[in-house]
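One chain comes next, on its own, written as structure tokens: the form predicted alone.
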């Protein structure tokens, strides 16, 4: 069987590994960019569901070594009140801890593993699914997927989510190692984690009715937005690097995932966010390979893949929407959160998230 994978990011590289390991397919990855890997972009966290997917692919240890473990997450109110401390990306009983690393480094490792598994990677050229001589086409071409519209001209369009993010790196601020911090700021959420080299990686997520002009998003603006939150302000002032703002997007439910030969995976089918984008893409790759290996014909395998994945992805998408809404509360809602969130984290959080990490 010949397989063509469109996109060499996390979803594409992971699916190439999975298909090579689970089948005897001849796999070619088509990546439009010359080099989508390397030390570029911001950081991401892999929860234990994504890490177990990597274990199935045979590259868990390498990815763990490229990042650092994060066991806990602390949630803070705008006033500096500790709202709760919960396991980060896992159940409390799980000895496997989430891993944080640079997105580009993860892609680099997965692409190298795909080559070792026997896949071929071609870069620097965009391809059309119709032109590919393949029995199976895996479209891992991201949130702005061109393949999605090829499969369904009426497919939903990507929309701005009303938030933009700015990532940075700071030095000289001490935080507890192995702990991720989430601040519900007055004018935006703020996430940060101490890295293995002693720096702190952070991301500001700012509500805005329109995507910003990058030139307008300065360190001074960030300091103004987070001027009343002690931890975010200290990190912004100590920043040695501030990246350009990145608009965050959302996508309505995609009705058509496949046409019997071509299938959407990862952000092309379901951009979820909420710290689960990469983990869900890895899950997709493992599930797709298992279906292709276990069902005798491609069309049947893609139908089974859709049946298996849609319910879990839909549940994750709903959770992500709730997560996004929590980052833009009004004054009254913030006060309610300060009162209720400690109870929720203590009594509800574990039950409400355990399905995800199983």
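Numbering follows the first chain given and starts at 1. Bear in mind the structure is a predicted one, so any value in this text is a computation, not a measurement.
As for the form predicted in complex with a small molecule, it is not shown, yet the points below apply to it.
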Which of 137-145, 77-85, 194-202, 226-234 lines the interface with the small molecule in the predicted complex (heavy atom within 4.5 Å): 137-145
Heavy atom within 4.5 Å of the small molecule in the predicted complex - residue from 278, 222, 183, 114: 278
Single option in 239, 119, 189, 127 placed near the small molecule in the predicted complex, where near means a heavy atom within 4.5 Å: 127
is_contact(residue 256, the small molecule) in the predicted complex, heavy atom dist at most 4.5 Å: no
Partner proximity in the predicted complex: residue 71 to the small molecule, non-hydrogen atom cutoff 4.5 Å: no
Contact label in the predicted complex: residue 17 to the small molecule, heavy atom within 4.5 Å: no
Exercise: residue 175 in contact with the small molecule in the predicted complex, heavy atom 4.5 Å: no
